[in-house]
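Before any questions on binding or motion, here is one chain by itself as structure tokens, the form predicted on its own.
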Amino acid sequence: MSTSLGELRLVQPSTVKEAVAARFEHPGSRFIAGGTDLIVNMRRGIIRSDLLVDLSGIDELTEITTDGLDVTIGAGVTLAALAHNSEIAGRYRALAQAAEAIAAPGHRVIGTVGGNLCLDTRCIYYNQSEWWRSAHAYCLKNRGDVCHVAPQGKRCHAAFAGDLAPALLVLGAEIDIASAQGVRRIPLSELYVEDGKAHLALADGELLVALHLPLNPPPSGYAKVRLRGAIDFPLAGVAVALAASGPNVNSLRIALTGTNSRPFLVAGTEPFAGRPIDEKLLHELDRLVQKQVQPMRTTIASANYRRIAAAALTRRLVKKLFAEGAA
């Protein structure tokens, strides 16, 4: 059962400056681009707002450009455009693979890069209809005071399930954030917090407007497991960037999504540099990933399955990237 959206007002700015000014002038309003996540949550009564700031008419958000220093991707670029861009596919394969793996073709045509990076966290106790949540008792993330996943804990354990973030993390992305005070640039990793209720380090009214990628990244790849072969969010998603010299690792970066309340880079991969990619290294990687992922009972799949799947995907991607580089 869905909740009626009621009467909505729409503001349609033509520049980023106008968009952040509109949000500043209307507390409680929301930015909307593709709306594939926001509108569903509004219909479920999870998010309430009577004014939306529509970003679809801001041309600067929809561009992919190269200036000789980096590649800039606007936050309004659609997932379909990202997946089908030849430069992205050739230079940043993990990013193209992640974009292609999101939801279904109809979602990718309207869903945006910024929307996927700022995706709300998910949980079986949160992503429900209004009558279901009210009957079960509201959770810590929405009008309640207890996390039903971990009732004795002090924070929400809803999981982040965006696909683009881990790919961008291993590729070393930085992001531009606009507000009424101007634009700031930060590493993408600083956007996220390990708290399902407040997982984005964005002040009220701030807008993610673009991301920047270095021109010469190492080879990369992305893979995920989900309940169905399409449409579903990742139960665990892994991105790997691997540079090798002969049989040895030069650099290795691994990032995950779907298991924690934030997407994150796996810590402790630096000591693998200079070592051969053999079964001993892969076994150590398996243990490293399993130790750092923190899946909870936020989906219908078990936490242990998601932990093992994350480690298995990591091993598979490392072996695949190494084999392709050695070919």
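Sequential numbering from 1, following the sequence displayed. Given the structure is predicted, the values throughout are model-derived calculations rather than measurements.
Another form exists, predicted in complex with a small molecule; not displayed. Remarks below refer to it.
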Quiz item: Hey, in the predicted complex, is F233 touching the small molecule, heavy atoms inside 4.5 Å?
Solution: yes
Quiz item: So in the predicted complex, does any heavy atom of G237 sit within 4.5 Å of the small molecule?
Solution: no
Quiz item: Is there any non-hydrogen atom of E206 lying within 4.5 Å of the small molecule in the predicted complex?
Solution: yes
Quiz prompt | the small molecule contact in the predicted complex: N260, any heavy atom under 4.5 Å | solution = no
Exercise. Check, residue by residue, if I88, G172 and P217 all come within 4.5 Å of the small molecule in the predicted complex, counting heavy atoms only.
Key: no
Practice problem: Tell me, out of L38, V293, I46, L285, which residue has a non-hydrogen atom within 4.5 angstroms of the small molecule in the predicted complex. | Solution: L38
Exercise. Go through L119, A255, V71, L82 and name the one with a heavy atom inside 4.5 Å of the small molecule in the predicted complex.
Key: L119
Practice problem: Spot the stretch among 71 to 79, 181 to 189, 239 to 247, 89 to 97 with residues whose non-hydrogen atoms come within 4.5 Å of the small molecule in the predicted complex. | Solution: 71 to 79
